[in-house]
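To begin, one chain is listed below as structure tokens, in the form predicted alone.
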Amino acid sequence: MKTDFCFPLTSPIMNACGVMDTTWEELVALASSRLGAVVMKTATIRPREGNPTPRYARFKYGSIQAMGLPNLGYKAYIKFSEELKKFGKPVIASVFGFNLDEYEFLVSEFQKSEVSAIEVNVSCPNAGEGIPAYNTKYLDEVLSRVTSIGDKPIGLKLPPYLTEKDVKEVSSIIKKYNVSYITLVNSYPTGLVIGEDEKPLIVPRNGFGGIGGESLKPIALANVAMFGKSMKDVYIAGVGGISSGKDVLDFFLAGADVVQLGTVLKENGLSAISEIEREFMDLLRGRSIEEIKGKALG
């Protein structure tokens, strides 16, 4: 089940950044699985403990989280990337900067590392003031800083956009730079879920958090389809609410090139990977991904 992407993949299924990818032990488990590539936790310059707990919760139609980017700091992930080489899979770094200089510094450091690509996270809903990618001028400035550093492919993790006009505006900015792929989408920025105790399920941000899982899937599919129509020369990694082979099929039908698993790994563990892959292969019925890519929209 090989697929066309920025680099060769034995499987078009990888993990979504932020789930079971923080520690060395978690990354080894991912690298030992059937995933086609391993995406490491979003790294900041300094290690972060993240927000107070509980900061993640499952609810009937998905998940809500305000993790606050807990991570070990970029130096740890550079070291991990060197040690993960023995598993023979592409390793993708993810970076988040709290200003332009930090984005430039982090991309520069990972360009000198063993990673196969660098995913620039401009969509975290739970760190800093606002979501970087919703400020198009700032997004333009970030890309102008990071896309001319080194030869490793640059990816961009984007938040959900709500209109085709928004997508066209963002696409016009991305097209100006050497961006190899975009990941669609990060969690829906602001949701609130109230529990049986009549209080929010999570503590940070007064209970507001990013929405993932099943609730996110229709929004993610729409973003994949809209960006796929607007950007023909950029690969798309689809993520959001994938928990079955049918979900994987839907993302390819919407125009994705690869998919990423998030909430399902958090809830069901790595065993979910082989089950989802098996279901997808049954539904593929001998067709290639290229044959079905974007077919839902004609």
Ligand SMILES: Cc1cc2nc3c(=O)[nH]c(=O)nc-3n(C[C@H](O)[C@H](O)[C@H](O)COP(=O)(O)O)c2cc1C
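Quantities reported herein were computed from a predicted structural model and do not represent experimental measurements. Residue numbers here begin at 1 and follow the sequence given.
Separately, the form predicted in complex with the ligand exists; it is not shown, and the next lines address it.
Trainee: Name the stretch, out of 179-187, 201-209, 101-109, 138-146, where some heavy atom lies within 4.5 Å of the ligand in the predicted bound form.
Mentor: Contact criterion met by 179-187 only.
Trainee: Mark Ala237 yes when one of its heavy atoms lies within 4.5 Å of a heavy atom of the ligand in the predicted bound form, and no otherwise.
Mentor: Contact with the ligand, no.
Trainee: Please determine whether Lys266 contacts the ligand in the predicted bound form, using a 4.5 Å cut-off between heavy atoms.
Mentor: Flag for Lys266 set to yes.
Trainee: In the predicted bound form, is there a heavy atom of the ligand that lies within 4.5 Å of any heavy atom of Ile13, even though the partner is absent here?
Mentor: Ile13: no contact with the ligand in the predicted bound form.
Trainee: So, Val259 and the ligand: in the predicted bound form, are they within 4.5 Å at any heavy atom pair?
Mentor: Result no; Val259 lies far from the ligand in the predicted bound form.
Trainee: Considering non-hydrogen atoms and a 4.5 Å limit, which listed residue (Met231, Leu270, Leu69, Leu253) is close to the ligand in the predicted bound form?
Mentor: For this set of options, the contacting one is Leu69.
Trainee: Exactly one of Gly213, Pro132, Gly97, Gly155 has a non-hydrogen atom within 4.5 Å of the ligand in the predicted bound form; which residue is it?
Mentor: Selected residue: Gly213.
Trainee: Sequence order please: the residues of 38-60 with a heavy atom within 4.5 Å of the ligand in the predicted bound form.
Mentor: Result: Lys41, Thr42, Tyr56.
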